[in-house]
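So this first bit is one chain, no partners, the form predicted alone, shown in structure tokens.
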Amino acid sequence: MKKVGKNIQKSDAISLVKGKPVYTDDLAPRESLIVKVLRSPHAYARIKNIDLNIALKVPGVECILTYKDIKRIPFTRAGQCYPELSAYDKFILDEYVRHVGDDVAIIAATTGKIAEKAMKLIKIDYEILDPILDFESAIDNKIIVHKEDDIFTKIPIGFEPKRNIAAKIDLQYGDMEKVLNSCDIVFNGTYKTQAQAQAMMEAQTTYTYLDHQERLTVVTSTQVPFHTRRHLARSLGIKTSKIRVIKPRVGGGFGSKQTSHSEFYPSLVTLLTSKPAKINYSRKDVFNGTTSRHKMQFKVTLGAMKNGEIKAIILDGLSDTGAYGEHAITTFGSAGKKVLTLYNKIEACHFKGKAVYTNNVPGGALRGFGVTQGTFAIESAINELAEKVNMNGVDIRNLNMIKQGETSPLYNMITKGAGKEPMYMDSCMLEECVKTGVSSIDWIRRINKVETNGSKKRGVGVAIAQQGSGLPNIDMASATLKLNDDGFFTLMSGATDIGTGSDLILKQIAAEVLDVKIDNINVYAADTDITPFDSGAYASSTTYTSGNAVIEAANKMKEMIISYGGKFYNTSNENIVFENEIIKNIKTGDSISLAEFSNKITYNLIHTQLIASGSFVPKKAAPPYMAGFADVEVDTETGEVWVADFYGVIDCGTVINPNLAKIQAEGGIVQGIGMALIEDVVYEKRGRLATDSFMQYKIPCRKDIGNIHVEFVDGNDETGPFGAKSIGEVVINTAAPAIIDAIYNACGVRIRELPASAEKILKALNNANN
């Protein structure tokens, strides 16, 4: 292949290095009204009265909107295909506020300072209510987060808001009681994961204006422009055709921008005033007013034989969806559905649990999307089971994990429209990932010997993981290619590059099919008026789903060039070959460059424009796999952990751009290390976030970690574009369980609740020594 598999540089790399304006805030009109949101200081309260009289008199204030000014329409902000699996339980503004940071009023002024001054002059009389902050006590609590009767779901998901239940899971096969009774060992363990912030560099930013047709144009930093347009249409009560959403370059999302947030407020202001409006979230707005990873708890039961064969798994979970149910069922479902299939030799499986409402900041999408939490629980339990059957973490996985050509009935149960035919994982290279990692970290020697240097002890640990590549029979991508005069192409895609480099990936795929230079393709991405539909950047779908749509469009374009080449030379298509930007008549030997050909068919001879489109919907699971190996040093006097080395071995099928894939893997592993050891969303007693800035909320930087080693095994999935699967999310999943296992193997304490802070480890060491 000429373009696929090559380390090609992003076309906008130099612009970014030079700091040229490319992001939403850079592009907003200077005359935009500045929009701010007044946020609730209370976790749960009813707004008894709002006095705007003084605030409205501040010179420069354009308008202030409260719930009394906005039509009450329930909707969901979750960026999912319609009909969404998330509850319609949110209003742009409501009489009730359900978490600290919930929206109370919208202020628009000529400057940010004026808006902030007016915000301080708004007088609000709250009826302060007792909140629910502990998700373990939420179900059937006398405090009800959503008392209103006009919220609903479009699909049955076990929605019982009067019991504080946002969604339920109950999925099983096999005779659990019988299988457990036949096992030599039944292991039980409980594991907890914390809320984690996405911590992307660019905050939520949106500007809006009315175009010359009085249509609302929304330029926004989003992962889901088409879903955002739908959210806006419903919540604002206007037709979808009256809204255009444009996505400029996005400075990171990690899932935070899979939920619509900042788009509603300037849109309202522009519709009311007919003036451009802009909102740029502060970091406090991001922490308090958007989402974080769902806090989850899992009780894991493993039934196994003395030889290490795992026969049964029960995964009983609880998820804190916070004040709103965006992504509640989907993240919680992924925690089991995309983890349990790793252990396909089991005879009985039961995945159950509930996602519950609390008065915490809402849970939302974050890289890994629930799989990260589920992987921590299952992989930690497997590591504990290994010790009980006198095996190490690698040997027990080699005995039980899914291998190439195998399947699991769970794949059919969790895949929409899968039918009854077994779904074989023919491209699974997990076994090779583990084998490669064992060699890289020198596992056999290291697992049998703890290295000690004074108070510091060093150990190794392992975990495996999988993810998805798009959502089969749910999400869809499409792409359009246009051949321009002078022989260059415009690739129009609704896919959303959020800094991953997916625009370049799609360009490489198109260039490979068309056999043209990379620079001969310009990508025009994510404008709901112009580019074709794409579900958006989530579910690890872009390379796989959008990439396949590009392949279809490129193949059609190639056929069109050959067909029009036949017309140009007045011969049959069989006599035309299109290679290396040359159209050749093999019967006569005549040839013409693509540039000259496109000029002639545009201006002189045929007078036509060649345009081809393709669409793709995943039909089967094409999971990427990963084995993660951690090498950590624990200071037994302080409890501090240093990840000296982390080895990530990944099967993502064909690697389209190795440099971009390596960066994705390194970033995901570091984010996983942060979740394992440092990051934690902490609340004060009455529900106020104690970690609402980067002064309090810590993420690892380069000096906080040792070496990250990334390797790719030689994989290929026949359904992927040139054999590619996804990589963006699987890379975060192994870090936490592998590090926790390594800590145990180093110093003998097992942490079951993340993050594994120095305080927790030291306390566990002291308890063990006493």
Partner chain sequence: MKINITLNGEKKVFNANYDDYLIDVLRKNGYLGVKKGCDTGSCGACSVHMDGKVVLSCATLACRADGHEITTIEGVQNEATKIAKYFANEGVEQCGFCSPGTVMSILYLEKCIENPTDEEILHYLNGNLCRCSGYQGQLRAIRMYLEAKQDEKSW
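Positions refer to the first chain, counted from 1. All of these numbers come straight from a predicted model, not from anything done at the bench.
FYI, the form predicted together with its partner chain isn't displayed, but the following is about it.
Problem - One stretch from 269 to 277, 696 to 704, 582 to 590, 356 to 364 that, in the model of the complex, holds residues within 4.5 Å of its partner chain by heavy atom - result: Residues of 696 to 704 come within 4.5 Å of the partner.
Practice task
Indicate whether N164 is a 4.5 Å heavy atom neighbour of its partner chain in the model of the complex.
Solution key: Outside the cut-off, so no.
Exercise for the section: Indicate whether its partner chain has at least one heavy atom within 4.5 Å of a heavy atom of K760 in the model of the complex. Expected result: So K760 does not count as contacting its partner chain.
Exercise for the section: State yes or no: in the model of the complex, is some non-hydrogen atom of Q671 no more than 4.5 angstroms from a non-hydrogen atom of its partner chain? Expected result: Yes, Q671 lies within 4.5 Å of its partner chain in the model of the complex.
Practice task
Give a yes/no on whether E666 approaches its partner chain to within 4.5 Å in the model of the complex, heavy atoms considered.
Solution key: Yes, E666 is a contact residue.
Exercise for the section: May I ask you to choose, among V681, L660, I402, A348, the residue with a heavy atom within 4.5 Å of its partner chain in the model of the complex? Expected result: Selected residue: L660.
Problem - Heavy atom within 4.5 Å of its partner chain in the model of the complex - the one residue of Y343, F489, F578, F254 that qualifies - result: It is F254.
Exercise for the section: Between 7 to 42 and its partner chain in the model of the complex, list the residues on our side with a heavy atom within 4.5 Å. Expected result: Contacting residues: Q9, K10, A13, I14, L16, V17, K18, G19, K20, P21, Y23, D25, D26, R30.
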